[in-house]
Each structure stands twice: as structure tokens, then as C-alpha cells.
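A single chain comes next, written as C-alpha cells; it is the form predicted on its own.
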Amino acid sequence: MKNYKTSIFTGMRPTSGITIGNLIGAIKPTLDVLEKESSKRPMLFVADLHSLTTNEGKDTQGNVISVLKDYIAAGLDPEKADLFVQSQIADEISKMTIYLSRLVTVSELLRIPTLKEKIRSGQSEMTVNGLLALYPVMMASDILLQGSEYVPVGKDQYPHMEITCEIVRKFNKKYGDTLLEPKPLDQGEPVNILSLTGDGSKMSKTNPNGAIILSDDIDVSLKKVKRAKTAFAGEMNDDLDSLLQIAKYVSTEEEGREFDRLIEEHMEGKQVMGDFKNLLMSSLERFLKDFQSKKAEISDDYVLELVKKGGEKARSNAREVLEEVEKAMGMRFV
């Protein structure tokens, strides 16, 4: 390829609704770029095939439309972006994943944090399924089939970007310059919103006890914030920093100044974390009510029409890239 096909590319698994961490870490950077550079046209997708690494399809497909609505309710203008579902181009992704898998060793896959996380959570190398081990290769296929230039990534996703770029370099060295390396969407320090349980893990839909899921009952989310770990007076830690990032995202300008004041007093040794949490719960409640109200106004038919158009574009991109890959490999005979 001589040119990138997609300026910004990102996706979410439909294991449940998106979290506030997904919103801040992946969707907000995309919206920020669009605000600065209106000529950019992002592509967002629902990664339903990726969900099969840890869930049965019947457990997640009901969330697909909901996640697409989340994108729109979060502020994405459907007229300025393309939306699709990963399984719309399952054939192309399957082929690309097979081709790219030859360039990655089993040892390299076992070092990927995603698999290590599963092993820590009770599974082992002997019990995790093969598709989970191939998760980074399938992710590389997603990114490369759309000719993606920039990919918003959190700290936990950097290893996936690194292995994607390494796959590109290996492919081009073996078969000639064919693929373009994607780049992480640089928004300063990578965002890492932590679980509210205080165990040091990232906020994730797979650990709902520590996640603010945007489609959940609002009272449930507020109770999680109330129980969230903060920091001792005079100290700043990752848990409090994560809460502060959420606070700044959901707050008004006036509330943002109040959060700054409370953190300043906290660092001076004053006991203000109760006030901090109360303000955060108030700001979050207003934010979630507004988000859920916007989402309720979006019809299924509207979303399905958007996905039909987006899927056609995604399939066209994927087939063009796949054709170049197969020509380079000598796999195309007609």
C-alpha cells in the first residue's frame, strides 16, 4: 500500500456495554482529533469475533447494537465516521489471521499481557483456548485490513501495537514492502483508568465490580464510586489519579475547578476525600443521565443502516489489502 485507507481506527468487544474507561481511553481521543482536524474520518467497530476468545457468541451478540449506540451517545457524529461489526468481514479477517500467524512464534504469543492476565486469573497455558492466544494476531489483522494510520491505545494495549508493527516489519522483509505500520494515536501520556476495586488492574468489562458501565443502573455505578479506593491525606497514588481523570471528564468547568481545589487541599494533608467522592458522584450522575437519555433516542433501525454502509466500506478496504498481501505471498493465482 502506498497510502493509509483509514485515519483513525478503534473497536470494542461487546461483552457488555462500554465503560467510562473505554470512553476516556479510546473514544475521547478519536473525538478530540475530529474536533481539531475535521478532515479525518475515523472507523469504529464492534469486535464480536474477539469476544469469542473468552465468551460464547450467544452471550455477547445481544450487546452489539448497544455498543454501537454507545459510540453515538458518546458524541460520535455518524456522518463523520464509519461504523461496522467485525463479523461482517469474518472471511477476510480469518484469511489475514492465518497469513500473519506464520510470522509470530508461540513463545512471542505467550509473552503477551492479555494471555498472562488470563493465566493469572485461574487458567493456565494448558487450558486457555487457541483463539485467545491468537488474539494479538487477529487484532493486527483488524488494524492492517483497514489500512489504519492511527490507533488509540491505553497502556495495556501498547504490547499489541508493538507486535502489530513487528508483524508488518517481518512481512515486508520477507515479501517486499506491502503493509504500512500503524501508529498509536498520541494524546500525551497513555490513559490508564483503573478498576474501582483498588486491585491495580485496569477498569474492564470482564471485572464489572470495579467498572463504571455506562448502560448500568446509575445507582449501581454511584455505589462503586462510593466504595472506591482513594489515597491517604497528603499522598497521590494511581487509584486517586484514575478517579481524578474520571472526575475531570464528567465534570463541568466549575466542577473541574472545585476538583482542583480539593486535590490541592488533599495534598496539603487535609481530610477531603469524602467531599471529593460526593462531588464525583454528583458529576457522574448528571453525566450518566445525559448519556443514557441520548442513547435511548437512537433506534435499532438507524444503527443497522449505519452498519450496513460501514460494513461495505470495511469489506472493500479489507479485500484490497488482502489482495496485495496474497499477491506478495504468491497466494493469488487468478
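Residue numbers run from 1 along the displayed sequence. Everything numeric in this text was worked out from a predicted model, so none of it was measured.
A second form of this protein, the form predicted in complex with tryptophanyl-5'AMP (TYM), is not displayed here; the remarks below concern that form.
Enquirer: From the candidate stretches 262-270, 287-295, 43-51, 303-311, select the single one in contact with tryptophanyl-5'AMP (TYM) in the predicted complex, where contact means a heavy atom within 4.5 Å.
Expert: Stretch with heavy atoms near the partner: 43-51.
Enquirer: Is there a heavy atom of M12 no more than 4.5 Å from a heavy atom of tryptophanyl-5'AMP (TYM) in the predicted complex?
Expert: Because a heavy atom of M12 falls inside 4.5 Å of tryptophanyl-5'AMP (TYM) in the predicted complex, the answer is yes.
Enquirer: So in the predicted complex, does L34 come within 4.5 Å of tryptophanyl-5'AMP (TYM), heavy atom to heavy atom?
Expert: Contact check for L34: no, nothing within 4.5 Å of tryptophanyl-5'AMP (TYM) in the predicted complex.
Enquirer: Is there a heavy atom of S251 lying 4.5 Å or less from a heavy atom of tryptophanyl-5'AMP (TYM) in the predicted complex?
Expert: Outside the cut-off, so no.
Enquirer: Should A26 be counted as a contact of tryptophanyl-5'AMP (TYM) in the predicted complex, where contact means heavy atoms within 4.5 Å?
Expert: Yes, A26 sits close enough to tryptophanyl-5'AMP (TYM) in the predicted complex that at least one of its heavy atoms falls within 4.5 Å.
Enquirer: Going by heavy atom distances of 4.5 angstroms or less, which of I89, A247, L83, I193 would be at the interface with tryptophanyl-5'AMP (TYM) in the predicted complex?
Expert: Comparing distances to tryptophanyl-5'AMP (TYM) in the predicted complex, the residue within 4.5 Å is I193.
Enquirer: What is the one choice in L179, M203, I167, L145 with a heavy atom within 4.5 Å of tryptophanyl-5'AMP (TYM) in the predicted complex?
Expert: Selected residue: M203.
Enquirer: With the partner left out here, if you bring back tryptophanyl-5'AMP (TYM) in the predicted complex, are G21, V151 and Q157 all within 4.5 Å of it by some heavy atom?
Expert: Judged in the predicted complex, G21, V151 and Q157 all sit within 4.5 Å of tryptophanyl-5'AMP (TYM).
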